[in-house]
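This document opens with one chain alone, in structure tokens, the form predicted alone.
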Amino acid sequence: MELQLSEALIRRLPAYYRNLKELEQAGVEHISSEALGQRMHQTASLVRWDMKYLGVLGRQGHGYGVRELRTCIGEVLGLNRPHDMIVIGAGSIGNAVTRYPGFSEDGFRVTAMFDTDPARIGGRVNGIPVLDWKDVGEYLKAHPVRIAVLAVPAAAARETAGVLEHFGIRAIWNFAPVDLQYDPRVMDVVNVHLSDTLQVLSYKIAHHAGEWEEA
């Protein structure tokens, strides 16, 4: 039976995976719920609850096996199989996504980029071909890609997403500065607003500067 996870737990899973991956690379074989919780700024009881929900139980005196737990969470996240992606927009954000090495380590592979700028079409970014946007339909018919990275101006985002949905894209990682509305029965969208996190930092600086100076 497929796990039905809460949205909150789904959002915690990547952090679990990242921390366990770092621990494994450091040679750590076992970790307690307390130690894992401290790394993630979570309570030990929440860690134990999350792991129990996933069907993973720690051993008394040993805790959780780091590799086994990372593998389990990776399978829940779907990282046990490769995911091909296309990037729409060969500008700064599109280039940054294509060049980031961490995605390929987790099985995400950019197979092509698309743009409307003749100066970019025909070139390559990190070995990935930049193709003409008008050819995206033919490409997707020949390559069963399900994930698209949207790195286009806000004005073009909704129309572009509609075209991608029409040609079979079922998940969009949206970097355009606009929230995309979508039918969850057909597609999943994650809207990423880079300025939001900076604005959170701005708030904290504005409201905690006095406390920091006192400390």
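All residue numbers are counted from 1 along the displayed sequence. The structure presented is a predicted model; accordingly, all values stated were derived computationally and were not measured.
Although it is not shown, the form predicted in complex with another copy of the chain is what the next lines describe.
Student: Note which of 134, 141, 124, 81 lies within 4.5 Å of another copy of the chain in the model of the complex, where distance is taken over heavy atoms; exactly one does.
Tutor: Of the candidates 134, 141, 124, 81, 81 is the one lying within 4.5 Å of another copy of the chain in the model of the complex.
Student: Looking at heavy atoms inside 4.5 Å, which stretch does another copy of the chain contact in the model of the complex, given the options 62-70, 145-153, 28-36, 42-50?
Tutor: Of the stretches listed, the one contacting the partner is 145-153.
Student: Just checking whether residue 189 would be counted as a contact of another copy of the chain in the model of the complex - the rule being heavy atoms within 4.5 angstroms.
Tutor: Residue 189: yes, in contact with another copy of the chain in the model of the complex.
Student: Indicate whether residue 119 is a 4.5 Å heavy atom neighbour of another copy of the chain in the model of the complex.
Tutor: No, no contact at 4.5 Å.
Student: Even though the partner isn't displayed, in the model of the complex is residue 170 close enough to another copy of the chain, meaning a heavy atom within 4.5 Å?
Tutor: Taking the distances in the model of the complex, the answer for residue 170 is yes, it comes within 4.5 Å of another copy of the chain.
Student: Taking 4.5 angstroms as the cut-off for heavy atoms, does residue 179 touch another copy of the chain in the model of the complex?
Tutor: Answer yes; at least one heavy atom of residue 179 falls within 4.5 Å of another copy of the chain in the model of the complex.
Student: Output the sequence-ordered list of residues from 183-197 with at least one heavy atom within 4.5 Å of another copy of the chain in the model of the complex.
Tutor: The stretch touches the partner through 184, 188, 189, 190, 192, 193, 194, 195, 196, 197.
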